[in-house]
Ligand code: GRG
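Take a look at this one chain, the form predicted alone, written out in structure tokens.
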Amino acid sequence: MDIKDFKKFHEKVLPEFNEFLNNKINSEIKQPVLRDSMLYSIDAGGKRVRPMLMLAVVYSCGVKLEDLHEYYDIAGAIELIHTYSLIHDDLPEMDNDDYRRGKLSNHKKFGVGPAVLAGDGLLTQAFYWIAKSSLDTSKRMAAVRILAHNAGPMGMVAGQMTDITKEDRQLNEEELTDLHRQKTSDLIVAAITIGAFCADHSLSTNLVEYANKVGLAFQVKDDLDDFGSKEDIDKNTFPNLIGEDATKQRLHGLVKDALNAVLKEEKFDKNLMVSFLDYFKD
């Protein structure tokens, strides 16, 4: 492997991947308002953590950098799913947020109806991209199975339902962990495990453990980053429940567990997955 650092991998691959996303949506979506609404949220400034993790796993399994484009359909599908979930999360009927990453949320820019349909379009187009991928059938089926399981009513959507139906009471630590595992962690776990399947890497308990710990750590860090903000004060978050110091300790423990897990992985270049953990440093 030529690239050993996740940040450098991200910087190298992201521009081409962003171009792929925009070109594909522009060429496939003909309804102008729908296309503009979908692209508005796709291009809202996200770091593409989930598809980059998937592609980093593929690369870590030995796929050459120049061949990564063969996996863009699958990585793109993961990003479409993530983006649809953000559009719907911001809706008045859910979190009722007017802004996302410093820009007007989709429904404030285009209206509630177009935002709902943009989310619906991204969700369904994701599985179209997987189906049309050039990868062999077994890999495409694995991607569909994992993504549908982790992003649907057995994963992310279940977490979203818990979030909006129990926001009027304080969850205990176990309940909050389950909520975050479904709402945030499951899609990150999907990205990592799909990457392994697509690159013919035998999925091990170590890589799954790494994915689970990283997924939960991602949300714990997000809770810490938002701690003290006016919007966060009444929400179910780890700092609000157990305090800032205890939350930092929990984040440190999750990152340590993730590191220990991936270091046990065999027949797999560990450098990118280890360096990704720098994301969680203060």
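Heads up: residue numbers just count along the shown sequence, starting at 1. Note that the structure is a prediction, hence the values are computed from the model and not measured.
What comes next is about the form predicted together with the ligand, which is not displayed.
- Partner contact region in the predicted bound form: 96-104, out of 195-203, 96-104, 132-140, 111-119, criterion any non-hydrogen atom within 4.5 Å of the ligand.
- Remark: none of the three candidate residues (Glu167, Gln170 and Phe227) comes within 4.5 Å of the ligand in the predicted bound form, counting heavy atoms only.
- A heavy atom within 4.5 Å of the ligand in the predicted bound form is found for exactly one of Asp222, Asp43, Glu70, Glu28: Asp222.
- By the criterion of a heavy atom within 4.5 Å, Leu176 is excluded from the residues contacting the ligand in the predicted bound form.
- Contact between Gln125 and the ligand in the predicted bound form is not found at the 4.5 Å heavy atom cutoff.
- The ligand in the predicted bound form is approached by Lys47, whose closest heavy atom lies within 4.5 angstroms of it.
- For the chain shown alone, Asp89 is a contact residue for the ligand in the predicted bound form, at least one non-hydrogen atom being within 4.5 angstroms.
- Annotation for 149-181: interface residues with the ligand in the predicted bound form are Met156, Val157, Gln160 [heavy atom within 4.5 Å].
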